[in-house]
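Below you will find one chain, with nothing else, as structure tokens; this is the form predicted alone, and questions on how it binds or moves follow later.
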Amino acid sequence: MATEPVPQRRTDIGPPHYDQFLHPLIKRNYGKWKHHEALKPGVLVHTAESGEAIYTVRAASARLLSTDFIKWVCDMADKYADGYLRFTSRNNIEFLLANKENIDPLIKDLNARGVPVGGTHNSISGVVHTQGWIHCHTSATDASGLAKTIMDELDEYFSSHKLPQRVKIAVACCLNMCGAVHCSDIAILGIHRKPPYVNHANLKNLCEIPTTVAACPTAAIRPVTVDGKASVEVDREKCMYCGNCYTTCPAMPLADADNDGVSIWVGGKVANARTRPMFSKLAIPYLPNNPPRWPEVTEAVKKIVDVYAANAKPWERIGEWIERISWPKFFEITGLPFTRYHIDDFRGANKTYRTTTHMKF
């Protein structure tokens, strides 16, 4: 048997432990926090049982950042926050300050750079979004561009606490929903309206047909022979425009500049405070892609937020407000048309699904 204790094994597997990145003040008071409050929009204070306090300044940020901007953010953290900052799950930047006197100078420097401060308490937080045209090969719209234009329009609700309750916005560039569009107060979802185009001449040279057929989750693809060449065809009734086939087979592109567009969904939330969690529901089935500012989409989102701000009761999320006033009333006061596309006729939409955390069995 070994007489020497075995040293702790060190590997490069997995991320480092988070505690080595915590602010020293947070480490000293870990698990011993007494309360927190919002001092003003974008500024929080957490007070520990020991009496120590840590201040958080939350600033807006795009999800896709240049190295120059990241370096500047780090310089601000070194100057005002002893080098401590973090990125939130909704792409905001939080500076962690031990010195209260540094709050206003930090905000002044952030605003001078054009970076707004806010996103706390009853406000709109940063938009969580997917890759969009900059990276994703199945995207129907540009998620980062939409997030930018929408937040430019809604800046007043980010930098203030005048909403009835917090509002979370998400953008997904296609129905694969890498973003949280299924459970956000307002969700912008890129949609394809035509099935993939099949390039029969090149498909055999670019794709493995059995793999392409197997890639479809709805069995909408089947092998065929076209002009004496092995190929595939798509059953339009079964296709759900997910783009799995294009991922496997480059001869089946899905993007269509003339038909791709944007839909808007409302009323989702994850929290089970006050009411059960909710899935987002369709509000606008189609709006055109008009980059770089998407005026139709931006106007629609602004309209929904303005009407919600004027009519909801304190602490009501958008979904809770709509359920109180009814969906017909929501469409009436927002001026949105109700169409046949709002009627859920999906054969798998079983209302007996237990989608709430209140169900314990």
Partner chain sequence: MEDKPKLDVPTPKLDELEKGPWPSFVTEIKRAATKSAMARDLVRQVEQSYNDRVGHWKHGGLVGVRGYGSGIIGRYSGKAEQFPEVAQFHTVRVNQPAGWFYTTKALRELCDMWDRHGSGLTNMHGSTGDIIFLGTKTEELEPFFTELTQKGWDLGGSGSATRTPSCCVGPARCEMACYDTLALTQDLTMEFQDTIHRPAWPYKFKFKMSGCPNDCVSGIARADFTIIGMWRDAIRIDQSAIPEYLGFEGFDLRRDVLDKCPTKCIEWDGKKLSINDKECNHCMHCLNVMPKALRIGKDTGATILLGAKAPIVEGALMSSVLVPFMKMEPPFTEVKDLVQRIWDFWEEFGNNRERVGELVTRVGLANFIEAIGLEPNPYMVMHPRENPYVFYDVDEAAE
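Numbering follows the first chain given and starts at 1. Predicted, not measured: the structure shown is a model, and the values here were computed from it. Take the two forms, superpose them, and find the largest set of C-alpha atoms that agree within 1.5 Å; that set is the rigid core.
Although it is not shown, the form predicted together with its partner chain is what the next lines describe.
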property	result
Interface membership of H17, its partner chain in the predicted bound form, 4.5 Å heavy atom rule	yes
D258 within 4.5 Å of its partner chain in the predicted bound form, heavy atoms	yes
Partner proximity in the predicted bound form: T334 to its partner chain, non-hydrogen atom cutoff 4.5 Å	no
Proximity of P292 to its partner chain in the predicted bound form, heavy atoms at 4.5 Å	yes
Of T248, N102, S231, S263, the one that lies within 4.5 Å of its partner chain in the predicted bound form (heavy atoms)	T248
Output flag, F87, C136 and C178 jointly within 4.5 Å of its partner chain in the predicted bound form, heavy atom basis	yes
Residues of stretch 262-281 in contact with its partner chain in the predicted bound form (4.5 Å, non-hydrogen atom)	V270, A271, N272, A273, R274, R276, P277, M278, F279
Core superposition between this form and the one not shown, C-alpha change of P250 at least 2 Å	yes
Did T211 shift 2 Å or more between this form and the one not shown, C-alpha, core superposed	yes
